[in-house]
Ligand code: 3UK
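Starting off, we have a lone chain in the form predicted alone, written out as structure tokens.
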């Protein structure tokens, strides 16, 4: 096999993926499309931002990689990216990889203190950022004791990366790499504490693209992908970038906040065939559709991740749109979805079956696998697991155990092999000596027509015993009050065991979430 190549044998299940010994992943994801005749095909469309062909993408990737080298960024250096969903994100990310530099996409919703921590923690050689985030980035650069040698806007006036790209060579020889070599980082979203640098290898994006995007979604060159989830985190990175690039498809982007109206406008304008969202957004879209009828007919399949998809929300979406909605679970550490429902096999309330190429098991506190129906810790095995947490040997050792990843989620498997989420292991409640899942109670609450979102945490009562406490976002805040509290309690009594009834109701404007839409229950517990 020649250098920088990958072969896939689809006659086996899962598909067998073989890498050349020398392998820089930018070649199959970017350069290959020119060899296969896609140079004039549209790769990227940005809402109100134009379009980019595969040939233009390849040239600008090369220019970006050369510009970083010309600026003094060296092999294996880290370059943090606070970049909006745009063609520039592609240029920086793939240009860095092709040049042997490690790109680190960062959550653009963060503030200066978060960025300062990551700049220092990563010892970044460069920071590339969109103008929209200048205030927080500049403040972070001031705060951080570590000073990157390069800090540039992607484009605009003055000294920008675009200016350096314009004078850089359009040709770039791929930096020598290997399938297992360090390729890029992501920072964990910090559901239970501070972010950790997650180091991924060159092979990992191939694995997720082949096993999930091709194996589960059936993605082809003819598809058009639209991800409401942004590129800066693992779910969006696959949805909007690696999946379409793997098969030569088209990706559509909306750089702003994904409101229901904005999402529906993008769908009607660009006619995507695959739409990737999160439960919160699907709920908001359904609410918006009470007063509008957006044309979603181009979409053949939708996906959901970030938080368990309540069965009632799934039912209402399917009833309203008729479009399959596949719930699944992925993590930053495993890069994308490893448990998923299937287009022709959806089980409400389940995260799904193991994606081909991955194995899942449920274990007890001693690490022993438990029988079907019993809850325990979810362990995952597959070829896209993180290499390590940057400079955190203890967390790495705790997470990676004999080739398996400890996800931190509590699950059970039913008799059909479907995995059901019971919440984060640290979110589980023990009420009256019985383990209680916040997800189950939340799912019941959002079935009520007046409830948009709900989160359950544990709270001590006067006897210092843990009981469920509810934080609720209403469709109409004017409905809040004691009368609705009583109504919701009766609603819960209709199908939940007594120990699962919420003892307190709090009506709030919104719920704290990570960038992937996961509810940060630890923040509610601290209130």
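Note that the structure is predicted; figures quoted are calculated from it, not measured. Residue numbers count along the first chain shown, from 1.
Beyond the structure shown, there is the form predicted in complex with the ligand, which is absent from this document and is the topic of what follows.
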| task | Report the stretch among 448-456, 159-167, 123-131, 416-424 that approaches the ligand in the predicted complex to within 4.5 Å, counting heavy atoms only. | result | 416-424
| Can any non-hydrogen atom of residue 409 be found within 4.5 angstroms of the ligand in the predicted complex? | yes
| field | residue 101, heavy atom within 4.5 angstroms of the ligand in the predicted complex | value | no
| task | Considering only heavy atoms, tell me if residue 435 and the ligand come within 4.5 Å of each other in the predicted complex. | result | yes
| query | Is residue 233 close enough to the ligand in the predicted complex to count, meaning some heavy atom within 4.5 Å? | reply | yes
| field | Joint contact, 307, 336 and 430 to the ligand in the predicted complex, by non-hydrogen atom at 4.5 Å | value | yes
| query | Just one of 384, 227, 331, 285 has a heavy atom within 4.5 Å of the ligand in the predicted complex. Which one? | reply | 331
| From the list 327, 85, 442, 204, which entry has a heavy atom within 4.5 Å of the ligand in the predicted complex? | 327
| said: Could you pull out the residues of 443-459 that have any heavy atom within 4.5 Å of the ligand in the predicted complex? | reply: none
| said: Assuming the CA distance changes by 3 angstroms or more, are residue 499 and residue 308 closer together or farther apart in the predicted complex compared with the shown structure? | reply: closer
